[in-house]
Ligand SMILES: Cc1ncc(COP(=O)(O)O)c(C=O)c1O
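We begin with a single chain expressed as C-alpha cells, specifically the form predicted on its own.
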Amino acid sequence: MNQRKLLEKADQYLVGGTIGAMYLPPEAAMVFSHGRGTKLYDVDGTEYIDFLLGSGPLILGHCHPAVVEAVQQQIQKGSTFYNLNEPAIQLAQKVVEASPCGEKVRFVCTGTDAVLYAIRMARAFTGREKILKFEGGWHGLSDYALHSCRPQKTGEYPRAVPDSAGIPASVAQHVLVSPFNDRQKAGEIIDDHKDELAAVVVEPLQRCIRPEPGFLESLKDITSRYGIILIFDEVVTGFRLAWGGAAQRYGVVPDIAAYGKTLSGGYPLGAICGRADVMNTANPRLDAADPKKAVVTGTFNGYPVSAAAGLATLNELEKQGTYERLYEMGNRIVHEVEEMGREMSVSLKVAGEGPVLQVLFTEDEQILNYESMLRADKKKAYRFGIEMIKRGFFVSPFEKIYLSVVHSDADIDRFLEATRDVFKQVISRM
C-alpha cells in the first residue's frame, strides 16, 4: 500500500492520525518502512537521515548488529517468564556498576514508570507526600509528573499547574515547582516545606538547559540536610552524556536515578537505581503491614528481550572512544550552526550538550530556565523542523535532536548543509 493511502487509513483509525503527540502536517508526513544505521526509509522509498532516533533510545542507530543478534538469540529462548532471567540479572549488574548512586536496581517498562515509582519509593521511605520539580522539566506522563512542564506563563512558584485534562485537581496539592537553575528560590521552597517533602525530582540537563555551576550541588546539600530523597531523572541523560550519565558528567550523586531510552537500545525498558535502603521499599519480602512497603511491579518488568538488547547496547557504549565521538559531533554542530546564525543575522542559540542539542531562535545569550525557552521563537523553530524533514532529515519540529555513535561525518556535513539552506531560504525571511 502506498504512503498516501496509509496516511488516509491512519486518519481513519488512529486518534489524530498519529501514534502519540507528534503530528506532522501533510507536507511533511510519512509512514516509515524500515531503518538501517542512521537512515530511515518511508514506504515510498524516500530516505531520511535520522536525528530523532526513536526520541532518543537508538544511540547505536537502527538495527545495530549486536542488538539484533542479542534479541534474536533471546526470542528463540522465549519472550517473557514473569520471573528471574539471565539477561535481566546481567543487565542489573551492569547498571549498578555504571551508576554513581548504584546499589540496587528495579526494572520497569518505561521512563515514565521509572520516575513514577522512584517518587513512590521516596514517599514510602520518608513518610512524606509532596515532591518538588522544576518548571519546564519533563518526567513522563504520570499525573504527578504532568505539572508545569509547559505552562503558558511563569512566576507563580511554588504553585503547580497541570499540563493535561483528566488530572485530578487534588494532585497539584502534592507538587511544588521552582525555576531551574535558581538556587535561592529552590532553597527557599525546600526550607518552607522540608517536613512535607519526600523528594526533589530534577533532570540534571533539563531538556536542553545545562545546570549552572553549583545548582545541582546545592540540591544535593539541602536534600541531604533534611532527609529528602534527591531523584535524578536520567531517562534522557543516562548512558548518553557519559557512561555514568549526568551524575558522572556533573559530579553530583543523587539518592536515586531513573533510567530509560538509551538503556535498552530501542526496546521498552526503564530502571530505578540507587541507595539500597530506599530501593528496599520495593522489596516483596517486606511484611505486608510494613509502612515503608511500596508496590513496584509489572507484567513485563525485567522483560528478557529488552534486557538482552540493553546488555548488548551497554557493551557497545562501554567501548573506548564512544563519548569522545559523541561530543566531537555535538560540539561541531553547536559551533557551525551558531556561526551560520551570525553570518546570516539569524538570532539563535544551540542549547544542550554533547549528543543532545536543540536549535533555539532567540536573542538570549544564555538559556538558563524555562522562561528562557518561552522567549524563543517557536514559529521559526517549527518551520526549521518542517523544512529539514522536507530536505530528508527526520527531526521533531521545535524539539531536541539526538546523535548516535553511528552518525558519520558525511551525515553531519549533510545536516549542516541543509541547515544553511533552510536559514538562507526560509528563516532569514521570517
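When you see a residue number, it is the position in the sequence shown, counting from 1. Since the model is a prediction, treat every value here as computed from it, not as a measurement.
The next section is about a form of this same protein that is not shown, the form predicted together with the ligand.
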*Here the chain is shown alone; which of 136, 352, 140, 330 has a heavy atom within 4.5 Å of the ligand in the predicted complex?*
140
_Partner-contacting position among 199, 177, 235, 309 - heavy atom within 4.5 Å of the ligand in the predicted complex_ = 235
*Can you pick the stretch from 222-230, 166-174, 107-115, 331-339 whose heavy atoms fall within 4.5 Å of the ligand in the predicted complex?*
107-115
_Is residue 203 part of the interface with the ligand in the predicted complex - any heavy atom within 4.5 Å?_
yes
*Please run the contact check for residue 207 against the ligand in the predicted complex: heavy atoms, 4.5 angstroms, yes or no?*
yes
*With heavy atoms only and a cut-off of 4.5 Å, decide whether residue 147 touches the ligand in the predicted complex.*
no
*asked:* Using a 4.5 Å cut-off on any heavy atom, which residues of 252-270 would contact the ligand in the predicted complex?
replied: 261
